[in-house]
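Only one chain is given next, in structure tokens, and it is the form predicted alone.
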């Protein structure tokens, strides 16, 4: 199964979304990265239902201070899964491990009480019994040592040691009694090992869902409607938006619909086609990982796998050129598509590094092949290709000296001719542009 950490480096803005989450504990962040991409509508709907509860609570302005307190409590959550495994396996725990369990049990109670203040409900078993075992004196302090209250004999031996500090035999007796108590404590706690692990995981989920809900609120994200259709209304890429905001600009939103046939997207250089492709990838990954979606409205469904061919795949180690690496990537898509797997393929400028004649033939043929499969495809190209009846879109393009990134229906084979206009807008060498125009006129 694909995990979040496996796709974090995909060039679509996913890392930005993950790193901007206000997760407070290291264990929660590790668990998030180990999250498996959901492929079941039932699992996805269940996760969004849980997240919706957090969003409703956080959208209550009066609860924001309580939310911050909850996050402060969650900072104390530590990854003690190794300790809990030792406990379950019947090992005798040392003082540090017993402290970790005591701290977890006390923290679980504190977090549960704070969740009530936020309007949320903790769905784990009460840990008061564990706290009583590890806090026999009822001090409610998050420290641990082998207390006198565990044994009258231990209490007597320690008092005697105060008078006979150099008595080696007495020190050995104290150590023996303390070890006996640790053994007994470990045995008494063993039955709680699985429950404590569940509490740890659920508290980490609280940390993750709180961070996701805050992100939904901060960015104005939406929840998807799951169905047979696939359409993103007024989608945008938050990473690009943040970059543009620093320059005093606003990101342009777009609407796109994908269906059974491959969707072909054309447009001028610098026309935002790759951004569209990356944003589609981002939204699909976010949906299958249970995040809010950067769109006004999203009707989506999960795929078994998402294939992206976006970045230059040239590798010194593999010895593959850009073209060879790209061909290998597309071949993987075709292999999966021919196996009737439910996949999403996002392909940016295939065959762009070869000559236009062969490139056009390769891309046209690719559309023909993908059309015969169940693969959902968005393909970006500059070539004037055969569409085989597939829907075509284009970027509106240059208007009044500025780029309009709106997506419009396009005719099959319609390719924009705006490269020279864009070059002029960029202030490129006038003589070069003039001669290029002359070449076009002569053709």
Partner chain sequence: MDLIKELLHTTSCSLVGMEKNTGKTVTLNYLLQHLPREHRVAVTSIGLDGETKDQVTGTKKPEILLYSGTIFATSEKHYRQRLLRSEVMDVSDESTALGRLVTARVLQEGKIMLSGLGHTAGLKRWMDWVKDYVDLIIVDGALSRKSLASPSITETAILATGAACSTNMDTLVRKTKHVVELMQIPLWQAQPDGTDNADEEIIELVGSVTDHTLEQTLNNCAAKGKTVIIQDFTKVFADEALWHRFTTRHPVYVRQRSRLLGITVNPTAPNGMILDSGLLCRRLNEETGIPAYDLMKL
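These numbers come from a predicted model, not from an experiment. Residue numbers count along the first chain shown, from 1.
Missing here is the form predicted in complex with its partner chain; even so, the following discussion is about that form.
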Answer range among 362-370, 211-219, 336-344, 158-166 for contact with its partner chain, defined in the predicted complex as heavy atoms within 4.5 Å: 158-166
Residue contact check: residue 128 to its partner chain in the predicted complex, 4.5 Å heavy atom: no
Partner contact for residue 223 in the predicted complex: its partner chain, 4.5 angstroms, heavy atom: no
Exercise: residue 92 in contact with its partner chain in the predicted complex, heavy atom 4.5 Å: no
Heavy atom of residue 305 within 4.5 Å of its partner chain in the predicted complex: no
Position in contact with its partner chain when the complex is considered in the predicted complex, options 73, 253, 182, 197, heavy atoms within 4.5 Å: 182
The single option of 78, 297, 190, 328 touching its partner chain in the predicted complex, heavy atom within 4.5 Å: 78
